[in-house]
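Next up: the same protein chain in two forms, each one alone, written as structure tokens (structure 1, then structure 2).
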Structure 1
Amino acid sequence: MTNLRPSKITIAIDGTAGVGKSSVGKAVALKYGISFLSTGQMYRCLGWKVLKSGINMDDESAVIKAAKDIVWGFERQSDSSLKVLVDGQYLGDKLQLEEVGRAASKVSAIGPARAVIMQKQIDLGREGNIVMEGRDIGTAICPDAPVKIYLIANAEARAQRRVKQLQEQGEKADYDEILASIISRDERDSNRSCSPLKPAPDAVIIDTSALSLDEVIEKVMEEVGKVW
């Protein structure tokens, strides 16, 4: 009997903010020995470069040029995740700075700049053997991926998880403030004109509200097992 199992796999994971896409994606990639990329990092990289270069974020042509000029590098780590390099530099914790996050949100809304980064992500998806998580992977980046997962959870569950995460890190956490931020981000992501957040027509939707991380990982692996 002919083995029709493809030699490579691309797994697309999308979903709302704070739903655990990175934790799930990284664990699945590690189990299969393939790479994992959290695509939001790349927009943060652009945000960082714009800030470092002193570019006015309202100057769209300058932001677009900055996006085109980035020399990307990717190095796979022992936990399966791809370390993203910008012009040969690993930015590490710099990407988590609040000002970088704000800049990323602004520059990613500039269509032509977003298109430059999206093309790089499309190229990575086509290479295969990768789990990619984001907000438009199944719809815009890897529409032909054989496995498309869309994770959801109610805003209250996501806020509680974030509070717990921050508290475990020894940081203060205001539940009401975090809940309001999640609801606001959902609305912004879903209503933006460029690559709005929505499940692909053939995506498998998994509600993680009442599931443990291991249970979500198992459900994703069941879907992968159907095709690979």
Structure 2
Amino acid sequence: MTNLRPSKITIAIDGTAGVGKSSVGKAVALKYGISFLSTGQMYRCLGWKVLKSGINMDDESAVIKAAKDIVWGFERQSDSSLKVLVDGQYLGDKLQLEEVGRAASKVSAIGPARAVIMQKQIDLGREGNIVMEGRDIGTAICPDAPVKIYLIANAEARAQRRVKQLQEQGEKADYDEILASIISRDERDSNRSCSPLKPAPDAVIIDTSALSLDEVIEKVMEEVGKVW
């Protein structure tokens, strides 16, 4: 009998900002002993580089050049996640700044800059044994992934989680400001012309609004169990 189960697995997890993709993806990768990449980190790195070099966001050719010039590095951590290095530098917490998130959302909508980053991600996906989390993993980066998950949660639930997360880190958090930022980011990510945020036709949609992290992990693992 032919064994149809793939020897390596690629798991695509997509969804809106703050829906829990990273926490879920990292936990699932750890359970299977495979790598985890939060692909938004790469757009955040580009956003940070553009901000730091004083490049005008509207100067598309300068942003594209900045994207092409980046030398990427990936280091697997003990928690299974791939640490992203930009020109040999790890940016750490700087990448989580709201300002960097906004810049990432803007640069990711510039087609040719996006294409440079996407190619790197396609290559990583092809190597397999990886959970990749982002906005276009199931639709564009790993369209052949045997497991495609699309997480959703209402904006209010996501804003509450973000407030809790910031408070736990001892930072100030304004619920209304965070909610507005989530809504505008969703809109920009969903309405851009290149790789807009949408589920792949064969993605399994999970609404996490009323689920605990463990419940979501369980549901994703159920899907993995069907094919691997």
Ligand code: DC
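Rigid core: the largest C-alpha set superposing within 1.5 Å between the two forms. Here the structure is a predicted model, which is why all the values come from computation and not from measurement. Residue numbering: sequential along structure 1, first residue numbered 1.
Participant: Which number goes with the form predicted alone?
Facilitator: It is the first structure that is the form predicted alone.
Participant: Could you let me know the angle, in degrees, that the smaller of the two rigid parts turns against the larger between structures 1 and 2?
Facilitator: Interdomain rotation between structures 1 and 2, rounded to whole degrees: 12 degrees.
Participant: Core-aligned, what does the C-alpha of Ala103 shift between structures 1 and 2, expressed in angstrom?
Facilitator: The alpha-carbon displacement, core-superposed, is 3.6 Å.
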